[in-house]
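In structure tokens, one chain follows: the form predicted on its own.
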Amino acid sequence: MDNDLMTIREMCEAFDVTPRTLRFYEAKELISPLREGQKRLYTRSDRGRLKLILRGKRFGFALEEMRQLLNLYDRGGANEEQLERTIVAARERLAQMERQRDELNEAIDELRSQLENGAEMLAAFRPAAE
């Protein structure tokens, strides 16, 4: 087999995903493997796209947003527009993640405080050691 092509099994092993995941991304038109009958063959481009999809998923990007960014690559050329839009989207996502982190830190601090208050209240019910 051509070294540039991978089977579905090889893709699953290389990227730690399931065949169902690959078929899902194919159905969403995020990757487009070659077909030989029932066999799917993934190109270098598919592997690169999958890597970006999985990274985008980890960062919390929506599939539609990832598709739009990935499709800009398909237009050819210098990819300047794709890079600019990716940077804008990444900055927006980073700001959102930082807001979520701040909200989570605030909730954690509040819960810690409530636990401390609860422990103090519980200690007040217990007689002092003699």
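All residue numbers are counted from 1 along the displayed sequence. Bear in mind the structure is a predicted one, so any value in this text is a computation, not a measurement.
What comes next is about the form predicted in complex with the DNA, which is not displayed.
Contact label in the predicted bound form: R40 to the DNA, heavy atom within 4.5 Å: Close contact exists here: in the predicted bound form, R40 approaches the DNA to within 4.5 Å, heavy atoms only.
4.5 Å heavy atom contact, L5 to the DNA in the predicted bound form: Taking the distances in the predicted bound form, the answer for L5 is no, it never comes within 4.5 Å of the DNA.
4.5 Å heavy atom contact, L63 and the DNA in the predicted bound form: Yes - in the predicted bound form, heavy atoms of L63 and the DNA come within 4.5 Å of each other.
The DNA contact at R23 in the predicted bound form, heavy atom, 4.5 Å: Yes.
Heavy atom within 4.5 Å of the DNA in the predicted bound form - residue from K57, R44, R85, R91: Only one option qualifies, and that one is K57.
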